[in-house]
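One chain comes next, on its own, written out as C-alpha cells in the form predicted alone.
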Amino acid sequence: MDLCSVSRIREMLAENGLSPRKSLGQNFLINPRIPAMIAERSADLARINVSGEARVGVIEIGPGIGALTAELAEVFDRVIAVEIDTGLAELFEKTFADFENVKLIVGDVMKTDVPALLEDHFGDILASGGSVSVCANLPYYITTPVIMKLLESFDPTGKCPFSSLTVMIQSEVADRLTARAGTPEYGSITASVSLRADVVKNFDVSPGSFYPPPKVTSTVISIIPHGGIRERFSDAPEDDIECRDFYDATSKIIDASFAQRRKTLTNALSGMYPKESVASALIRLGKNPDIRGERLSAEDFCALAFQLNTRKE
C-alpha cells in the first residue's frame, strides 16, 4: 500500500471528490522515510518504561491519507486515529478497513475529552502496564493549542500519562519549544510546556517531502512528560489542591510575563501583584528587580510564584 506516491494520493483524492484543504493545513507526506522514522521514534519512546510483553498504543491526530498510520500500525498494538475532515475520514475508513488494530474517530481533538478517550480506548493497555503515545503531523496554525490541550488535560500534580508526543511542526515553533531562557526564541510556550514535559528535536523535514509542499521547513520533535509541577519545582505544595492552585498561579505569571515581553517583570505583573512585592521576590531569588520574563526559566517562574503566593514569612 503506497500512500506516499503523489500520483496515488491525487488519484485517491480525486476518486472521492477531495483535494488538499489549505484551511485545515493539509499537506500529505510523500517521502516514505519520514513516516517510518516518526513511527520508529515514537515506538522506541513508548517501550522505554514497559516490559517486553506489555502492549503499546498510540493516538494519531489528523491521519489524512494514512501514510503515518500504516507505519504506526506496524509498531504499535493499537492505533486510534482522530480526523476532523469527514471527507478524508471516509477515505481513511476504506483504506484501513482490513487493519484490525486501527480505529478511526471522526472529530476535533480540540473538542475531545482526552482522559475519556484514553480510558475508553486504552484503559486495558494502561491497566496491564503498557503505554500510550501521541503522534501527529500537526497543521501549523493549531500546533500550540493542540500540544497544550494534550498536556493540560491531566492533573498537573503528577505525570501526564502519555509516554511521549512525537509530532511534526513548523521548525520555527520547534526552535521556540526547545529554546533556552534568555534567547530570542524563548517565550511563554517554552516555559509553559516545560512545566509538564521536556522537549527534544529529532530531525528536520524539507518542504519537498509533502504534497502540496508547504512554504516552510518542518521539524519532528518529541515532547516527553516528566513528573509534573512537583518534579519541576521541589518546593511545590504537597497538598494536591494547593499544588493545582500553585500550578495555575505559575501559568498566569508566565502568560503575563510574555504578554508584553519588553516590559520588566515588575511592570508586566503589576496587574496581578504590587510592584514592590515582585521586586522583593526577585531580589530574594537573586534576580535583578529590573529583569524581564524572557530571562527566567520554568524553574525560576515556579520559584517566583512560590515567593509571591505560598511563601511563609
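When you see a residue number, it is the position in the sequence shown, counting from 1. Note that this is a predicted model, so its numbers are computed, not measured.
Although it is not shown, the form predicted together with a small molecule is what the next lines describe.
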Closest heavy atom of G57 to the small molecule in the model of the complex, within 4.5 Å or not? no
Do E83 and the small molecule come within 4.5 Å of each other in the model of the complex, heavy atoms counted? yes
Contact between P289 and the small molecule in the model of the complex at 4.5 Å, heavy atoms? no
Quick check on E238: any heavy atom within 4.5 Å of the small molecule in the model of the complex? no
Within 4.5 Å of the small molecule in the model of the complex, counting heavy atoms only, one of 244 to 252, 24 to 32, 279 to 287, 264 to 272 shows up; tell me which. 24 to 32
The small molecule in the model of the complex has a heavy atom of only one listed residue within 4.5 Å, and of D108, D98, D120, D113 that residue is D108
None of I229, V132, L88, A174 but one has a heavy atom within 4.5 Å of the small molecule in the model of the complex; the exception is L88
